[in-house]
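Given as structure tokens, the chain that follows is alone and in the form predicted alone.
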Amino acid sequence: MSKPRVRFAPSPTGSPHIGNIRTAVFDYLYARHTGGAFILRIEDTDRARFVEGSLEELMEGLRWVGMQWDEGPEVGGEYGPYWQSERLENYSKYAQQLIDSGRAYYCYCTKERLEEMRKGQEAAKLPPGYDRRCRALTPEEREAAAAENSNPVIRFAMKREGRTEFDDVIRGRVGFENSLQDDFVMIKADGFPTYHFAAVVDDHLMEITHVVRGDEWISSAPKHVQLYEALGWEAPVWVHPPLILDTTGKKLSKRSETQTTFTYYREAGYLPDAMLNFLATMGWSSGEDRKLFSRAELIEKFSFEGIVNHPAIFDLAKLNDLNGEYIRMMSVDELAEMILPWVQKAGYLGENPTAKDLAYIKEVTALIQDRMVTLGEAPDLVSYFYNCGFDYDEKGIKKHLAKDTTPALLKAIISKLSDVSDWNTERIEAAVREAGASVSMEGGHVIHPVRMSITGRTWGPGLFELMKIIGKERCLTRLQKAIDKFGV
């Protein structure tokens, strides 16, 4: 057997959906696992829904998560072109072949006539579908119909009796009654093919061996199976991963509370390897009780048989946990380099940071790494290391700063810290605790007011470690500022 060839075939009709990218992940991992080809094909025949820039956004997203395609746009390949809008001759050729064999026909019904038909079906509580009026027209009837409508569509003549059955890797043997199938449109009035027809023609000509697509397409599979039969072609292996649900049990959609646009996760600061890990294990299992896999491990272990036969859940908490683990596995230098653009965008560092700036951000990174979930949190987590004009947490003000005992405590701490010549965590801690003892205070009654004064927050990294990084002068300035602002 030749090596597998799988394709990811999106339509450029908007920002890439997280569900579509998961399909691409399954394609990519299978291709890499088997040494096959991962192909990107653009299904752009629905011209009315085309969204400018969506293709570029999609390709940028695939490359970001490390899924470079072997054939397709900007890469080429011997099975191109890889835009369906440039393959119209192929569709015309095979549509005519089906007409000649009696498995397709011209349909001259107008929009008005089809609308009346649908209304009649609704009134009679009949299932919707074309009534096949044009399927058996005589030559004379066809000529008269053509005179009324010179731009007919071409419909595929589905079998009327029996069942259409096929094997799916995940679901096993699947069957549908032919009596319930519709004679679908293959070629629209504008000459462009519909998805059902174009996908089959292209999959055959591009020698696609496995078709991976969402579970919602399984009801359309009889159309594709019959097209393969009518054209005398061997069908690919069908793989229909189950739907993705949100945590409420509803289908993941634009109406879900969960963000469904893949680009959002890149812009929010999730890591590419974490996203690949998360999407791969959302509906697939290696059979092991583990959640974290390297890219190499995913490629080594992946199989279509590992895809579960029940809906997957998009659990943002799980993604956050996974992303946080990936962040903690990075070296401080790597993470500092990754958060640098975020810190620059927030205005804390200039476009050309100095060696001193880079050394400082590495020190800060070492303190915030354990608390970071996404790169997008970096500006907030580092803010008080750069900005002295921060706001104070309202609850913290009432609990720690607006007390009668606070001014005396902070004054004592300023006095002790002023005498510290060797500014390190041990000396800082000793001075702060001694100052607390001098006013009969200890533990949290000392730590929390100092933390609030220096960071404006009730939480954060170790107090003495962050004070060491912020520096003596700025710590003294902030302590005095708190006295001036909240002193009684």
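Values in this document were obtained by computation on a predicted structure and should not be read as measured data. All residue numbers are counted from 1 along the displayed sequence.
Another form, the form predicted in complex with the RNA, is not on view; read the next lines as being about it.
Taken together, 11, 249 and 318 are fully in contact with the RNA in the model of the complex: each brings a heavy atom within 4.5 Å. Residue 309 is the only one of 97, 344, 303, 309 with a heavy atom lying within 4.5 Å of the RNA in the model of the complex. With the partner omitted from this view, the residue of 159, 371, 362, 132 that lies near the RNA in the model of the complex is 371 [heavy atom within 4.5 Å]. The RNA in the model of the complex is not approached by residue 68, whose heavy atoms all lie more than 4.5 angstroms from it. The shortest heavy atom separation between residue 171 and the RNA in the model of the complex is within 4.5 Å. For the chain shown alone, residue 299 is not a contact residue for the RNA in the model of the complex, no non-hydrogen atom being within 4.5 angstroms. Though the partner is left out of this view, residue 45 does reach within 4.5 Å of the RNA in the model of the complex, counting heavy atoms only. With the partner left out here, the RNA still marks one of 388-396, 110-118, 229-237, 89-97 in the model of the complex; by a 4.5 Å heavy atom cut-off that stretch is 110-118. Taking a 4.5 Å heavy atom cutoff to the RNA in the model of the complex, the contacting residues in 274-310 are 281, 282, 283, 285, 287, 289, 291, 308, 309, 310.
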